[in-house]
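Just one chain is shown here, as structure tokens, and it is the form predicted alone.
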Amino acid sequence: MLFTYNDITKDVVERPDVCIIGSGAGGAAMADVLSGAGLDVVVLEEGGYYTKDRYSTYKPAVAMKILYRDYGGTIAFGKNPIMLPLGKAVGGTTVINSGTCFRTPDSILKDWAERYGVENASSKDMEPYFKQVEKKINVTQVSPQVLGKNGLVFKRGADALGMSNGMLMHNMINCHGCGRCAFGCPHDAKQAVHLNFIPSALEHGARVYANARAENITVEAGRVTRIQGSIINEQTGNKLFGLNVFPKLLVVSAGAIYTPYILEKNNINLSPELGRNLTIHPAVRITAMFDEIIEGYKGVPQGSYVDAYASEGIMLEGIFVPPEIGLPILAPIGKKNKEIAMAYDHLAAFGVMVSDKNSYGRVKVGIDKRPFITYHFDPYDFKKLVKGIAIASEIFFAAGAKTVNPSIYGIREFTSPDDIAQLFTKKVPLTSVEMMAFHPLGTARMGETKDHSVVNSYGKAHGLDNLFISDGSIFPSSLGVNPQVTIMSFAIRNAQYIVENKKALLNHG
């Protein structure tokens, strides 16, 4: 069954085989496999449970308030603070991501084996899990019919320059191209995990508690014995009832920010690496103004890509948001805001995302007892971002743009391709680039030694017999691509490991 705070009238006590904290990509897939194998599973999700009937009534700004953690305002602090939006709902960030699906690059899997000793995770080993995930969430290629003109225009420019590009793979069924992917799909076309893995787990007998905040984890004699928390009011966040779960095995699937946070908060020090090695795929939005009407808010916002420089760690992927979200970002006040508002139908946008190979971040418990995220953006990786801005600008001009805005303070919008050269002839300060980031990974990375990793190759914590981690935090390095398929695939793989070893893992003593 799935319970929300409205369904609960007293304190909750559960004694399952497995408790999973978090219902996103890693937690949902884990819950489905474990419950399908006959294990008694309870899932705790701090966010609410939202369906298309509720999405359709929300404007994007309201959706950000209820579906995103901290209203979408989570920040990684550093020389240049970077916005890092996270989802908070049954289904986690899959509810508010763009739906883009990539398999883990072969080179990344090879690197994990060679540098970190990750076992049995080659591209051949992972193939059946990738296929299983792609079938479950219905991965298919975006069609030109729903791509929208924003993606088609950028593709036109890439084709003119002979750059490798294409339509992205998405988890979707009967997409309407309404442009709302990042604010909860009002048609249930985007197949977030609350539409597949979660319902499947419920059919197997799992119990999912929405509005259930896990707070305290008790460890005794090297094993997790209890999770204490609260059933909270969805609107106020206030505690309504107590929550006590006594599991035989705990899986933490709270994401690369909140997994290390909740463990450190409870003094569960699995490894010196816990909370370290954060990667976030730094990104920047490039916009362009055209004479022709684009209506970029129609169609799949992230439907096409340019991978001509992927080997260098630079990916270009589509992005667009409705006017009420875009206008305050592009020009908060004044004459410029009015000009952009009047010409919004002529605006196109695309994203530049880089693989942060040398950069690193950290998650700690802050003085306010909330997660405190820091991030050092390495100059080498920053140069890749600047190069990506130049490439995207060149593509827009090749597509016929009148002007291009590189999102760099102190550099005026480009009016011709010749203006792009100043990105390399002038010093572009890190603090001048308006950045966001996505896909936090790495803060509880896997490997076979405690000194260099937090969990083993199957997500089992070093030093605790019945604790697993199942989310993006276990990946030892940046993927360079959107991670949801990787997270789900490793969750299925590691859940099967638990099933195969359930006697030893669950029946200790």
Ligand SMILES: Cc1cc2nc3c(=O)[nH]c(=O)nc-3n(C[C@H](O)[C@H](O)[C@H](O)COP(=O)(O)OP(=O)(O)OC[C@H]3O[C@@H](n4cnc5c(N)ncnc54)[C@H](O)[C@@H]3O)c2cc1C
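Here the structure is a predicted model, which is why all the values come from computation and not from measurement. Numbering starts at 1 and follows the sequence shown.
The same protein has a further form, the form predicted in complex with the named molecule, not shown here; the description that follows concerns it.
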task = Please state whether every one of the three residues Gly148, Pro322 and Ser393 places a non-hydrogen atom within 4.5 angstroms of the named molecule in the model of the complex.
result = no
Considering non-hydrogen atoms and a 4.5 Å limit, does the named molecule approach Pro85 in the model of the complex? yes
Next item on the list: Give a yes or no for Arg69: in the model of the complex, does one of its heavy atoms lie within 4.5 Å of a heavy atom belonging to the named molecule?
Entry: yes
Ile498: touches the named molecule in the model of the complex, heavy atom cutoff 4.5 angstroms
no
Although the partner isn't part of this model, could you tell me whether His439 comes within 4.5 Å of the named molecule in the model of the complex, counting any heavy atom of the residue?
yes
Within 4.5 Å of the named molecule in the model of the complex, heavy atom basis, the matching stretch of 108-116, 405-413, 86-94, 270-278 is 86-94
As a check of understanding, the residue in Pro247, Gly99, Gly388, Pro282 with any heavy atom within 4.5 Å of the named molecule in the model of the complex should be identified as Gly99
Heavy atom within 4.5 Å of the named molecule in the model of the complex, from candidates Ser453, Gln484, Ser35, Ser478, belongs to Gln484
Those residues of 408-434 with a non-hydrogen atom no more than 4.5 Å from the named molecule in the model of the complex are none
